[in-house]
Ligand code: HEM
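Before any questions on how it binds or moves, here is one chain, the form predicted alone, in structure tokens.
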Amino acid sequence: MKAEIRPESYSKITQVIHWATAALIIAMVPLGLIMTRLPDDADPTALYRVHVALGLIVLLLTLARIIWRFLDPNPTPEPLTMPAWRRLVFRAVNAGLYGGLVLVVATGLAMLVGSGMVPVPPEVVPDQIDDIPPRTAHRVLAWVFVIIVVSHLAGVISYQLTKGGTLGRMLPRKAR
């Protein structure tokens, strides 16, 4: 049986998808908070349309990442010297990142479609978004997702500081 050859770091495509998704999420969270808290005399339509457009891009990137994950080998795993409970948390957070992205976008789309709007292209009219179950689910899932992202960041930082090397696997490598 032939041993599987795996790289030391994630591929360039995986890195680009990861960091592009991260940048979009960093933009979307404050945008979502701002657009839902504007004064009554402000028109949030442009903010909503940008939020929806970015959400659709995040969905496409996430689906591409999931497909790419099956085509491109993950890096050689670091020795998992962490306790079993921490490995379980690591795997749950990783699954939560993928699942959370898909669910947050899906509930956002369901909210728009349920309110009679077409999300592609983003023809969003904030005053016409009905207070339907997907709206509540979108809000709750967005906050849960933020907690998952913060947990992911805390795990990466903690592991990097104690074991080292984990962050470098998602950063471009310099030519040697």
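Numbers for residues come from their place in the sequence shown, where the first is 1. Since the model is a prediction, treat every value here as computed from it, not as a measurement.
Not on display, but discussed next: the form predicted in complex with this ligand.
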Any chance residue 63 has a heavy atom within 4.5 Å of this ligand in the predicted bound form?
no
So in the predicted bound form, does residue 105 come within 4.5 Å of this ligand, heavy atom to heavy atom?
yes
Residue contact check: residue 111 to this ligand in the predicted bound form, 4.5 Å heavy atom
yes
Partner contact for residue 32 in the predicted bound form: this ligand, 4.5 angstroms, heavy atom:
yes
Output flag, 93, 154 and 162 jointly within 4.5 Å of this ligand in the predicted bound form, heavy atom basis:
no
Using a 4.5 Å cut-off on heavy atoms, which residues of 39-70 contact this ligand in the predicted bound form?
48, 51, 52, 55, 56, 58
